[in-house]
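There is one chain below, alone, in structure tokens, taken in the form predicted alone.
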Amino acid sequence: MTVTDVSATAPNAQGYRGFKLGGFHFSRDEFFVHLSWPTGKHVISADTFLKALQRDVAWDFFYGTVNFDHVFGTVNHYGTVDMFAGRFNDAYRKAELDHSENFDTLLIRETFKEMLDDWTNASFDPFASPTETGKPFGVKNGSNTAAVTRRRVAANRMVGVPGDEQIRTDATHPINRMFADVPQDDPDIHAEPGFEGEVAAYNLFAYLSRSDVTWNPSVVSVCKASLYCPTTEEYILPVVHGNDRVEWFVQLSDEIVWEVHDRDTGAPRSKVTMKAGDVAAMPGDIRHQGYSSKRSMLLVWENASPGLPELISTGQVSVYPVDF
């Protein structure tokens, strides 16, 4: 059943409002976010929660499961969203402390946006790397609406073509400190006569070198259901992503270490170290979290076919790209 009971409370002593979605209650103080539900309660550090909340909102709940940590998260059903506590945690399930409720996507999205805006102070940018932002802690101190409402790039065809996101420039996006050595040359285009307006190209490395966010895959090219979603990564992926389809990773620069676990139980599956030029396929039944010591570039290749989750869950399609 889809839950529609949502409300917000007046600011507490630290200046932050509380929020209620169905049986879930959320509040924050100077350091922590406090969650409760009919069978339990949980505490998450404010920075951990806000970084995860930012991406859940920006990604529109993404593909599959977004785990904020080992207890709390969301599952996207593409029209509705499950919000859960302990659902993918063996200990919580065995103790019967787990809880899950389903919400209309618009309802949970707007509530999460309101929560994110109210709980993010003026000095903090939950999209930025730790060295590029202030701390989220303390009593309420203004807001950073511009940062938390950044529009995720989602090209209809390809970045740079008419009607899609235009190329970043010095005026809009300076080169990130970690990518000062990335060439900024524009590609040469040699179109046959008569096709000048139908051929386009841009420097993807230069484009990514000017990214002001981390761990936020943007759609830069679309071919039917095939999406190229590159991103820049620094420090730790703020969520543990549980797949409902295969994801392909192409490491474009530097290095990322991935911790890979079973999607439903959290049992360790593997550790994958990807260096520039490496390609890996993340199966449709795992969860993963990445660690990048130096800001790196990653291309995430997504199959956005809407029927894939059901085909995989019913066993009609394998969770692996290739069965050997």
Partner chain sequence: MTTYETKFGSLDYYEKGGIEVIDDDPKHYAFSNVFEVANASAPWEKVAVGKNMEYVLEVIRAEGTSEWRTCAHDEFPLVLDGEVTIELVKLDIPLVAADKHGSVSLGGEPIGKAMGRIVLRRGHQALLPANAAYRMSADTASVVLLQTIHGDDTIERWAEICLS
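Residue numbers count along the first chain shown, from 1. In this text the structure is predicted, and so the values were computed from the model without any measurement.
Absent from the display: the form predicted together with its partner chain. The rest refers to it.
Its partner chain in the predicted bound form is approached by Val246, whose closest heavy atom lies within 4.5 angstroms of it.
Taking the partner from elsewhere, Pro187 is found to have a heavy atom lying within 4.5 Å of its partner chain in the predicted bound form. Contact between Lys294 and its partner chain in the predicted bound form is found at the 4.5 Å heavy atom cutoff. In the predicted bound form, its partner chain sits within 4.5 Å of a heavy atom belonging to Glu192. Taken together, the three residues Asp181, Val222 and Tyr228 all lie with some non-hydrogen atom within 4.5 angstroms of its partner chain in the predicted bound form. Here the chain stands alone, but in the predicted bound form its contact with its partner chain, taken as any heavy atom within 4.5 Å, falls in 246 to 254 among 102 to 110, 67 to 75, 246 to 254, 138 to 146. Of the listed positions (Gln14, Asn303, Thr9, Ser313), a single one reaches within 4.5 angstroms of its partner chain by any non-hydrogen atom in the predicted bound form, namely Asn303. Site annotation in the predicted bound form: the residue of Ala128, Ile236, Ala200, Ala154 reaching within 4.5 Å of its partner chain with a heavy atom is Ala200. In the predicted bound form, its partner chain lies within 4.5 angstroms of at least one heavy atom of each of the following residues of 158 to 179: Met158, Val161, Arg177, Met178, Phe179, in sequence order.
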